[in-house]
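The chain below stands alone and is given in structure tokens; this is the form predicted on its own.
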Amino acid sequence: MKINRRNMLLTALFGTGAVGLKSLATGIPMSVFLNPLKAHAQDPVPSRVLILSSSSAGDPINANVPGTYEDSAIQHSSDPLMAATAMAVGGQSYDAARPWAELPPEILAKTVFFHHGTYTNAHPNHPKAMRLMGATERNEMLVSVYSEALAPGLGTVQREPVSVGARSGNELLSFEGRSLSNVTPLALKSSLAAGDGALADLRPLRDRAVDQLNALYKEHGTANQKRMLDRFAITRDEARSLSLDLVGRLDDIANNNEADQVKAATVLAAMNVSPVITLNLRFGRDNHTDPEFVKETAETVTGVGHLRTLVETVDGMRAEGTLRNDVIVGTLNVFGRDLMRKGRAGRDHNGRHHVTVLIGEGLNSSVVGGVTPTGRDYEAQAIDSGTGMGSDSGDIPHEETFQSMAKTLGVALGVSRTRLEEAIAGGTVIETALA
């Protein structure tokens, strides 16, 4: 049974015939293996992978980021670990909780804090929030819209997104109406990094695949195809180095916690399995009963730490050549939290204010939108599309802030604007948030 489950996972991740593994081992695009005699060199389409932390718990990220400290009525943790700390975002000075302010300048230089609503305050509506509450074409999940659009440019093994951190059926992803399985970090490790695992040594796979293409092109190929093979094919030493690096990263996985989800997500990105990978990081969770915001403090500190590790890991892998594509890291949950304490207990659900944090190339350091008082608490303010700033007279109303975030992120990832207009009803791209 173990072997069967392993083979099923390998086929799911790398396709029939392990064409994805061949691409990983050789550096040659999968399209070449799928149809070698029709392959020709093409300039890559600028596209980026998305690694997204998503949760149905509704974390209070929105209560501690830049843009929520200007109003003194908004309540924050009094713990020194969460002290209001000045930080520079997009050339402007803001206060935020210390963990956010202490992110390195090179990370903050490509970070966007996007204030918006999610228009729901119910945990079971997480799948609906992932569908922008009905604003997506064919009611598809946003991550699936991105994944399908980005797959051709990135040359990934599959069009579907991959989850490594779903905690319940409510957090499973779907694609074209199909529910997708969760791939745990431990399952990934056991299938790929064991002594006889698929990543044990990529050199033999690399040599066989390159030899087969060389023989085919020698007899039937064009001069252009032969040059293309030389251009893409990595060396045996590079294949060996890649194998050791990925196996080493997977060997470090001990369970399925947040730290190991980060490791698994970066390895999946390096293996070019999918354009979108989701995980589940904690930032305070469902903290109705959180006196003095104790849990909020502890999990914000660790959650921001995991985000930093994730960004620094993908940046390092990109610089080393282990990871071929740029990556945008982000957070998107079912709803935010009230900015006013309810008695002394904690924070209630807030579907009218949420903050998506985005970090990566293609983004311009900025705070988009803001907060404004509403009936009993606060909501995401309307946005001035020209400046990206929150404004009561902004031309992007509160009711389209969610779609605006989705379209802005889509452009940063490399989804065409035409496709985004087709797939998402309403909303406006915030140009100031784009590099």
Partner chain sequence: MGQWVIGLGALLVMGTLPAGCTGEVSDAAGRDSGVGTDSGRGTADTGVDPTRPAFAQCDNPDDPYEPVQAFVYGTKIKGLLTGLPLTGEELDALMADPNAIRGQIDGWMDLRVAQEKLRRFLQTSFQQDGYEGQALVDLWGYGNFQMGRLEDRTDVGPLFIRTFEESFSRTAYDIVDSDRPFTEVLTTQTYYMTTAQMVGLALSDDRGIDDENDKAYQTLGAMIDQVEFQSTDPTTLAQSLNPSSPEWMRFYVENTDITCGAAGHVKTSGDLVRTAFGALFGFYQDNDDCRVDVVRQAPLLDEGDFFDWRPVTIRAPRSGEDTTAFYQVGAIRASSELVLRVPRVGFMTTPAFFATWPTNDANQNRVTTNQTLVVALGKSFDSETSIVPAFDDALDDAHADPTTSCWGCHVNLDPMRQYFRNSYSFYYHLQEDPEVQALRPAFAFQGHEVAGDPGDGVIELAAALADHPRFAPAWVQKACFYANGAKCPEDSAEFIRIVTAFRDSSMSFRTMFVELLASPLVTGVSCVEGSAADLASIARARHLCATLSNRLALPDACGTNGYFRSELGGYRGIAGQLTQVIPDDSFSRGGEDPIVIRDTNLFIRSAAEALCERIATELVKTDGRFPSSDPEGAIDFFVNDLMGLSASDPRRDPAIAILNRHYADAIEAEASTTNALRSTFIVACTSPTVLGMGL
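This is a predicted model, so every value here is computed, not measured. The term rigid core refers to the most C-alpha atoms you can superpose between the two forms while keeping them within 1.5 Å. Numbering follows the first chain given and starts at 1.
A second form of this protein, the form predicted in complex with the partner chain, is not displayed here; the remarks below concern that form.
| said: Using a 4.5 Å heavy atom cut-off, which of 298-306, 161-169, 94-102, 360-368 contacts the partner chain in the model of the complex? | reply: One stretch meets the cut-off, namely 161-169.
| So in the model of the complex, does P80 come within 4.5 Å of the partner chain, heavy atom to heavy atom? | Residue-level check for P80: no, no contact with the partner chain.
| message | Can you work out whether A319 and the partner chain are in contact in the model of the complex, taking contact to mean some heavy atom pair no more than 4.5 Å apart? | response | Looking in the model of the complex, residue contacts with the partner chain do not include A319, since no heavy atom lies within 4.5 Å.
| said: Test of understanding: in the model of the complex, would E292 fall inside 4.5 Å of the partner chain by heavy atoms? | reply: No, no contact at 4.5 Å.
| said: Quick check on A84: any heavy atom within 4.5 Å of the partner chain in the model of the complex? | reply: No, A84 sits far enough from the partner chain in the model of the complex that none of its heavy atoms falls within 4.5 Å.
| field | R249, K128, K110, H76 - the one with a heavy atom within 4.5 Å of the partner chain in the model of the complex | value | Partner contact (heavy atom, 4.5 Å) among the options: K128.
| request: Quick one: from Q225, N325, S243, T331, grab the residue that has a heavy atom within 4.5 Å of the partner chain in the model of the complex. | output: Filtering the options by heavy-atom distance leaves Q225.
| message | If you apply a 4.5 angstroms heavy atom cut-off, which residues in 48-73 are near the partner chain in the model of the complex? | response | Nothing in the stretch sits within 4.5 Å of the partner.
| said: Following rigid core alignment, is the displacement of the V294 C-alpha between this form and the one not shown equal to or greater than 2 angstroms? | reply: Where the cores coincide, V294 shows only a C-alpha shift between this form and the one not shown that is less than 2 Å.
| Superposing on the rigid core, does the Cα of Q75 end up 2 Å or more away between this form and the one not shown? | The answer is no, as the C-alpha of Q75 shifts between this form and the one not shown by less than 2 Å after core alignment.
| said: Superposing on the rigid core, I want to see if L172 changes position between this form and the one not shown - specifically a Cα shift of 2 Å or more. | reply: Comparing the forms between this form and the one not shown, which are aligned on their rigid core, L172 does not shift its C-alpha by 2 Å or more.
| request: Look at the CA atoms of L154 and L244: state whether they lie closer or farther apart in the model of the complex than in this form, given a difference of 3 Å or more. | output: Closer together, by at least 3 Å.
| query | Closer or farther: the CA pair L268/L244 in the model of the complex, versus this form, with a change of 3 Å or more? | reply | They are closer; the C-alpha distance drops by 3 Å or more in the model of the complex.
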